[in-house]
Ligand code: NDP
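First comes one chain, alone, set out as structure tokens in the form predicted alone.
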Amino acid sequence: MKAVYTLEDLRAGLPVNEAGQELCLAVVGNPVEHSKSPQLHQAALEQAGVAGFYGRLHLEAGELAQAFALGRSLGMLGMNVTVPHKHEAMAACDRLDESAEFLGAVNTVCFTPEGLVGYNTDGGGLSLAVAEAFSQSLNDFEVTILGAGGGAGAAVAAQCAIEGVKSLHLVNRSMDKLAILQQHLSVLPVEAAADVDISNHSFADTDLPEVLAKSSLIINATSLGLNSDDALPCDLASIDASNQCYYDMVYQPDLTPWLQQAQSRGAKIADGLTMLLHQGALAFKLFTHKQPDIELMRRSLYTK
């Protein structure tokens, strides 16, 4: 079994692993070789008695729609979608679930006889992860999201609005993306979202340290931290974080330098593995119509 497959592999037919199982589910992204989704889902597939294996699929921009079409025609159940393809996935779907429409991106695509159905389990996954990590509901927090203009960041922002957080601070390099996101959040047909106070900030804003200092939950939705030589999403050296919670959606390495800094400042911290676990369990049920054993998935995910 290859560590990573490509569109060319799908064009040649369904890949088969050493056990003679055909590819039935995959995570698509670029890069994707770091993804732990296969180990998260494989044990659940086996326990549920679903034939096939879960793999990784590296796709370039513009290849997603063809990969979906090939996967569906070959009998795959669906695909999970990670960066940078979540908006492209949304455009490629025949129908969007309410979760994808509200959160503005797709991370789960089910291949059905009627076509491609897009969902978003990122928001629900984050909500469950925050509750597990910090023993508080998302709506208990004043939230800052770093990298809110990206697919995952925008989805998390929408989830925060839907759940009615105390206030929501959106931080991004591109202010144009934040303006579009804020417009989307302002028309969400959810009563709780109407009362959320939303502010937009760039990483260069001089008042960003003040915004961070008054937030009770800070979420890194950027990709900074995936590589060992990445810069920090933001510097926390001047912040007393003793009453704050920090959630890093990056989950490799296990503890990013940003989380290490937050912890050294007294914060409660959690990495993206808990979100991966919960959004994966939600996606698995959509793919298979079977309720997974989440503790089995957790043990598989945390196995080194």
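Don't overthink the numbering: it's just position in the shown sequence, from 1. No experiment lies behind these values; they were computed from the predicted model shown.
This protein has a second form, the form predicted in complex with the named molecule, left out of what is shown; the following refers to that one.
S.K.: Only one of T144, N80, T222, N120 comes within 4.5 Å of the named molecule in the model of the complex by heavy atoms, so just point that one out.
M.R.: Checked against the cut-off, the match is T222.
S.K.: Exactly one residue in A158, V130, V106, A152 has a non-hydrogen atom within 4.5 Å of the named molecule in the model of the complex; which is it?
M.R.: The residue from A158, V130, V106, A152 that makes the contact is A152.
S.K.: At 4.5 Å by heavy atoms, is each residue in V211, S215 and I269 next to the named molecule in the model of the complex?
M.R.: Judged in the model of the complex, none of V211, S215 and I269 sits within 4.5 Å of the named molecule.
S.K.: If contact means any heavy atom within 4.5 Å, which of 81 to 89, 97 to 105, 135 to 143, 193 to 201 contacts the named molecule in the model of the complex?
M.R.: Heavy atoms within 4.5 Å of the named molecule in the model of the complex occur in 81 to 89.
S.K.: In the model of the complex, is there a heavy atom of the named molecule that lies within 4.5 Å of any heavy atom of K166, even though the partner is absent here?
M.R.: No, K166 is distant from the partner.
S.K.: Can you tell me if C93 lies within 4.5 angstroms of the named molecule in the model of the complex, counting non-hydrogen atoms only?
M.R.: Contact check for C93: no, nothing within 4.5 Å of the named molecule in the model of the complex.
S.K.: Contact between S174 and the named molecule in the model of the complex at 4.5 Å, heavy atoms?
M.R.: Judged by the heavy-atom cut-off of 4.5 Å, S174 is in contact with the named molecule in the model of the complex.
S.K.: At the 4.5 Å heavy atom threshold, is M249 in contact with the named molecule in the model of the complex?
M.R.: Heavy-atom contact with the named molecule at 4.5 Å: present for M249.
S.K.: Within 4.5 Å of the named molecule in the model of the complex, which residues of 225 to 248 have a heavy atom? Give them in sequence order, or say none.
M.R.: Contacting residue: only L226.
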